[in-house]
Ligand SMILES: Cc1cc2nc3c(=O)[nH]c(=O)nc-3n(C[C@H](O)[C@H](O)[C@H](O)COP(=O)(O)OP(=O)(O)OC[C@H]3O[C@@H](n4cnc5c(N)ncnc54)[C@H](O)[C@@H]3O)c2cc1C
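The chain below stands alone, shown as structure tokens; this is the form predicted alone.
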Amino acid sequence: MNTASDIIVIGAALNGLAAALALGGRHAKRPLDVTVIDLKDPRSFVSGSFDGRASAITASARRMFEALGVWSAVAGDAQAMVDIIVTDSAKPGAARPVLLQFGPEDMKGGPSAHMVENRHLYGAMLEEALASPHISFLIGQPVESFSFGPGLAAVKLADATEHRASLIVAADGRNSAAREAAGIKLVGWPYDQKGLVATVEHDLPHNGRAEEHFTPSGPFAILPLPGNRSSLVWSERTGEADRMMALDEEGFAAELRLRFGTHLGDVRLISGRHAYPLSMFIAGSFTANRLALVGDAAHVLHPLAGLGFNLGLRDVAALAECIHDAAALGLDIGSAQILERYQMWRRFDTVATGAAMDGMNRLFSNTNPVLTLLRRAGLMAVNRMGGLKSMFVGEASGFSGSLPKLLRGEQV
């Protein structure tokens, strides 16, 4: 059996669903026919056990979800960040004076971001995708091979069915099979760090405050969730992270409390704990013949600024605008000219962001006394300069650079 659609999206996780909605959702001005292919049933991501993961949705990403018809379904489960503090400490449990703070007076346009648990976000996106007559799902069959043009792209599944389209969008993660099939190499390196993720409950309210505590092993972030709960994302040296993951529940809770502090009262783990290796890898090209990469298939950066998913949304928004503009003119949506526009729009911004994240990680994840003095002096200087603070708030809100229409809240 052979089928055809305008676009095939490989991967039904967050970036894949965002791409499907931006290209074929009910709120697109001229929706295209999109086929989403994934081995796993996307409903399992919603009904599975709570894994404790959450995403920081910047103000621009929130506008995009409003334009896609998703935000109203998750707004009740979102926690606004109305206050952000940054500290720098020599070791876990040490005194952590606030060196930089962004309060409501610095966020005149509203909160720079909202925290939303992935289960709520994914459930709302999936419901909206299933409601679109232009989005279909092929689930349960692994991809056996890819073909990239010249006339059309094609995907052959293990059941021998072949599915053709003008363009394949690879949203299949850091180990992207589509990227590998196209021969696109990665540029970057691993860190001797792992990211630990969990959700906790505490006695006292956080009042919408997000905390970023820099330590020699990496940043320890406390991100507010609705109620007296917070999402934790912190970096540890690989050996130390492995040691902590091997601890029993009581031992892990003790390590967590040491890093969390007592300012919110007693803290309790209420989710599973997860650890994943940290790295910086960027695809040598975001496109190939009739192929576009988005999200982790295109770039994997250090999570210290919480930009991972938001960078993927920037990819999706830019790609959707390029494709819809081409379709409106009757052009080939998978042509090299259209893909080059997307590549130029997104790759330089991603490389610059990756370099900045890598530099920050190296600057803060060490015990060099000279660098310690310099970074603390720098943070305090930013805290005293309103213009610089406004620039940082703009970056944190996702309003910097050339914004696609979706990130401005406009439909495409």
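In case it trips you up, residue 1 is the first one in the sequence shown, and so on. Since the structure is predicted, the reported quantities are computational estimates derived from the model, not experimental observations.
Missing here is the form predicted in complex with this ligand; even so, the following discussion is about that form.
- With respect to this ligand in the predicted bound form, the three residues Val82, Glu211 and Leu264 uniformly fall beyond 4.5 angstroms at the level of their nearest heavy atom.
- A residue is said to contact a partner when one of its heavy atoms sits within 4.5 Å of a partner heavy atom; Arg63 fails this definition for this ligand in the predicted bound form, lying far away.
- Although the partner is absent here, Gly398 lies well away from this ligand in the predicted bound form, with no heavy atom inside 4.5 Å.
- When contacts are judged by a 4.5 Å heavy atom cut-off, Leu307 counts as touching this ligand in the predicted bound form.
- In the predicted bound form, at least one heavy atom of Phe45 sits within 4.5 Å of a heavy atom of this ligand.
- Partner proximity in the predicted bound form, defined as non-hydrogen atoms within 4.5 angstroms of this ligand, places exactly one of 201-209, 169-177, 246-254, 71-79 at the interface: 169-177.
- Contact with this ligand in the predicted bound form, judged by any heavy atom within 4.5 Å, is made by just one of Ala59, Leu32, Ala67, Ala56: Ala56.
- For the residues Met344, Ala356, Leu363, Leu39, the 4.5 Å heavy atom test against this ligand in the predicted bound form is passed only by Leu39.
- The partner is not shown here, but in the predicted bound form the stretch 10-24 reaches within 4.5 angstroms of this ligand through a heavy atom at Ile10, Gly11, Ala12, Ala13, Leu14, Asn15, Gly16.
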